[in-house]
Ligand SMILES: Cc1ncc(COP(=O)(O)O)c(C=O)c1O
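Just one chain follows, in the form predicted alone, and it is written as structure tokens.
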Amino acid sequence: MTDAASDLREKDIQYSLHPYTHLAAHEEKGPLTMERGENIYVWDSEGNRYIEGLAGLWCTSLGFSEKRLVEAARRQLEILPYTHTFAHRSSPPVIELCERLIDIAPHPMARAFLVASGSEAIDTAIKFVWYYNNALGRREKKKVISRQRGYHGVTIAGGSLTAIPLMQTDFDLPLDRFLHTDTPCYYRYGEEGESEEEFATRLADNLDRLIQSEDPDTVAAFVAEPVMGAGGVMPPPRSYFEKVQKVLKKHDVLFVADEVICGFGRTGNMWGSQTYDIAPDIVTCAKQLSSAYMPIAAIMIDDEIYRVFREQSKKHGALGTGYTYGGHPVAAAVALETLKIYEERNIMLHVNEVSSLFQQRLRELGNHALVGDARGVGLIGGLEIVSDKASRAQYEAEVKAAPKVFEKALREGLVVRALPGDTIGVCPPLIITREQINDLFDRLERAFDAAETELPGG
């Protein structure tokens, strides 16, 4: 390790507080410090090159060296580095971005509201749901349902929706008003002899019973990722969203589609909602909106909700919420350029051309002795680790099977992610080539082979 790298390591240990990190262990091992990136690759402070197999955090869709995005930021910084959208103010990139988002929305939407992160988007969506029902005089209709192992950020409201123990334990979450229903993972939760569609029917029936038991007049919204991401990469079972949406319509419950991971091509369509025929009332998006080059997110609301908000602003004098960096002109300019690149380069076509190989290699790795289930869609996949394929038994938590595969992958020059449920998540930049896909999975297979020799029974 160079003197400069060693100095950075010690400063990080002394001064930084890292999210999702074992803090005591970090004091011993320090950070993996990434210094630069190009295409789908990143380099650490020791000069080691890695395939960034999770696109950062599911977000760097155009890779790490897209000069057009750098130029878009530079140009806007020179013209107008900051303004806001409070009290009738705006800027050209914000206006154009909102127009573009409404044009490409997965279901007819009326207005876009810009914020700085997916977590802000989710919190704002929940506020909007409550505001909407108060405006209609439905002051008891406030409960919000998400799914076990769903991920919706870790702010107070988002963390209440994120039904994963690590993100809630000792944070006093979830708050009241937040409920959780079944995880739609057929492999892990389907019952013996139950078909995939029967599993979907059972989950929809359970949701119906939950709403009825709570009283439909108190249940306001259902929040769901089209493909569950950080909870273990779980595409929905066949007919799941069709059946769920019937339940929501029956009880006049709004559908909030959390497109933070799925939006902008990840599943092979512009939106995960299009992939699974979801007709949401509210959409949240972030991450690939700017290829993560700038922090930006958005909430889109349909016309019915907007008309209610318009009347409320007459009543109260304004829509009483907003953020300093919501509608930041530099972030909006980068996001707008990102959407232009998606269109000009036909990124959706590219994803569909290479995703068949990605899914083929993913399923082939499902034959590995450690893999119980290989699942995915488009350019996102998950590999659930088991100790016994026949029984689907998993390793004890203290074995840390997924983290072991993660560490072995790093040694192979590949960044993936260990997720809840002993699942390895794979989600490369959308620009990945067929040759790079093969390289990625060759490295990942070697990582599984190396981990197998060190796990119990290996």
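All values reported here derive from a predicted model rather than from experimental measurement. One-based numbering along the sequence shown.
Although not depicted, the form predicted together with this ligand is the subject of the following passage.
- Not displayed here, this ligand is approached by residue 118 to within 4.5 Å at the level of heavy atoms in the model of the complex.
- In the model of the complex, residue 328 stays away from this ligand, with no heavy atom inside 4.5 Å.
- Within this chain, residue 152 lines the site of this ligand in the model of the complex, having a heavy atom no more than 4.5 Å away.
- Put simply, residue 384 is far from this ligand in the model of the complex: not one heavy atom of it is within 4.5 Å.
- Between this ligand and the residues 203, 94, 253, 260, the one pair within 4.5 Å by heavy atoms in the model of the complex involves 260.
- Heavy atoms within 4.5 Å of this ligand in the model of the complex belong, among the stretches 359-367, 172-180, 272-280, 118-126, to residues of 118-126.
- For the partner-free chain shown, just 287 of 278-299 comes within 4.5 angstroms of this ligand in the model of the complex, judged by any non-hydrogen atom.
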